[in-house]
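Just the one chain here, the form predicted on its own, laid out as structure tokens.
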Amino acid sequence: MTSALRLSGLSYRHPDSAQPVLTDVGLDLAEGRMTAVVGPSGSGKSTLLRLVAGLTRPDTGDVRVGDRSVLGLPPERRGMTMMFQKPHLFPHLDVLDNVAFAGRVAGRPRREAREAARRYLTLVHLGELASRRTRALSGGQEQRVALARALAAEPEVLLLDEPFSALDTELRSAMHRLLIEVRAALEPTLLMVTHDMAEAALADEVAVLVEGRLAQVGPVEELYSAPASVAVARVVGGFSEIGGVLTPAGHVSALGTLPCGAATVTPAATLLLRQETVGITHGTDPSATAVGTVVGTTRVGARQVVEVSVSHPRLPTAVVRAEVPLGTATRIGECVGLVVAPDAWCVPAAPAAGLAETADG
């Protein structure tokens, strides 16, 4: 599969800082595919997009579009278009001419640029608003116009810098559906930065940045089923972190011994347990993996998450989160059993040097 965008060895440090923002970042985006970059605040996501776009020059590394390096080219000659969180529409132009602007900049005749603009407006379901002034648009409509304008530039790579983060939940969902439609119609190559894993799940693969380094790259299903580190699991979300010891028999913790194919003994290891794989039963149920005490319950949208503390006389206390049907009756202090699905956990390898397993990244 042809590479539309290839990043190799990108590193960058602010002139007034001793610590690098990015270190040796490499990504390969296949033509027509979408990659999402996620990570904790301060992990270097936005800086990476600026390096790719040409708004900031890296200290080392290269940016290649197709078979050519664009490192020495200004942003407007890189074959890329960036869509920002704010649409930045031109208030003196109507919707049609905002979208046609990209074609005019490329040197197309006005009539040709406007004809193309109409097609892109139809694609984003705004064809009937072509003559409307931008000040009369809603926030969602503004972002649709901005997307149409970005597409009208016909870039080799479209860069998305958290473009939907300012929208409410309903509008964001609508924009996500629209992005799926656009991808099906045009097959653009997309690189998107986002802090939202639900949004990142729209991509073919997800790149996780931690402390300026790529910690893991792969399909979102892979990140959920086998995060490479505790830091990656924290970015993905939805895991319980269980401290214990790794032995040939498995991971030993307050939950007991859970087999995980360990070949060697590790003095301390964190087991990662996805909360939707844990069920709650009666404290006297013999099928329970472990028994503990309810210490908290939280509603997350249409879900209910129950926190259960499991103690052990010689091992660290484990706090396990379990997703249960909304309305499940649980009381703080209640004794319950935890039922863990087989093979619903993993013990990632220790992080690479320099990647601290901290909650804030």
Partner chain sequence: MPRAPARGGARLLLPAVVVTGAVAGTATVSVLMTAFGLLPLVGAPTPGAAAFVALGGDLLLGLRESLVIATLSTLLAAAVGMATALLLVRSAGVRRRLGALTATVLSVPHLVGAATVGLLLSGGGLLPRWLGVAPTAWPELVGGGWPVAVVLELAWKESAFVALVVTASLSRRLTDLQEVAAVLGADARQRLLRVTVPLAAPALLASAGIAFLYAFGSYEVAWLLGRAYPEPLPVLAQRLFSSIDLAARPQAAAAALVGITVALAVAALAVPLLRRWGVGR
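Predicted model, so just to flag it, every value in this text is computed and none were measured. Positions refer to the first chain, counted from 1.
Quick note: we don't show the form predicted in complex with the partner chain, though the next part is all about it.
Residues placing heavy atoms within 4.5 Å of the partner chain in the predicted complex fall in a single listed stretch, namely 85-93, out of 116-124, 190-198, 213-221, 85-93. None of 111, 177, 282, 135 but one reaches within 4.5 angstroms of the partner chain in the predicted complex through a heavy atom, and that residue is 135.
Shown without its partner, this chain lists 278, 80, 254, 246 as candidates; in the predicted complex, only 80 has a non-hydrogen atom within 4.5 angstroms of the partner chain. In the predicted complex, the partner chain lies farther than 4.5 Å from every heavy atom of residue 172. When the partner chain is considered in the predicted complex, residue 102 lines it closely, a heavy atom lying within 4.5 Å. In the predicted complex, the partner chain lies farther than 4.5 Å from every heavy atom of residue 144. Proximity of residue 150 to the partner chain in the predicted complex falls within the 4.5 Å heavy atom cutoff. Residues are counted as partner-facing when one of their heavy atoms sits within 4.5 Å of the partner chain in the predicted complex; in 35-62 these are 50, 53, 55, in sequence order.
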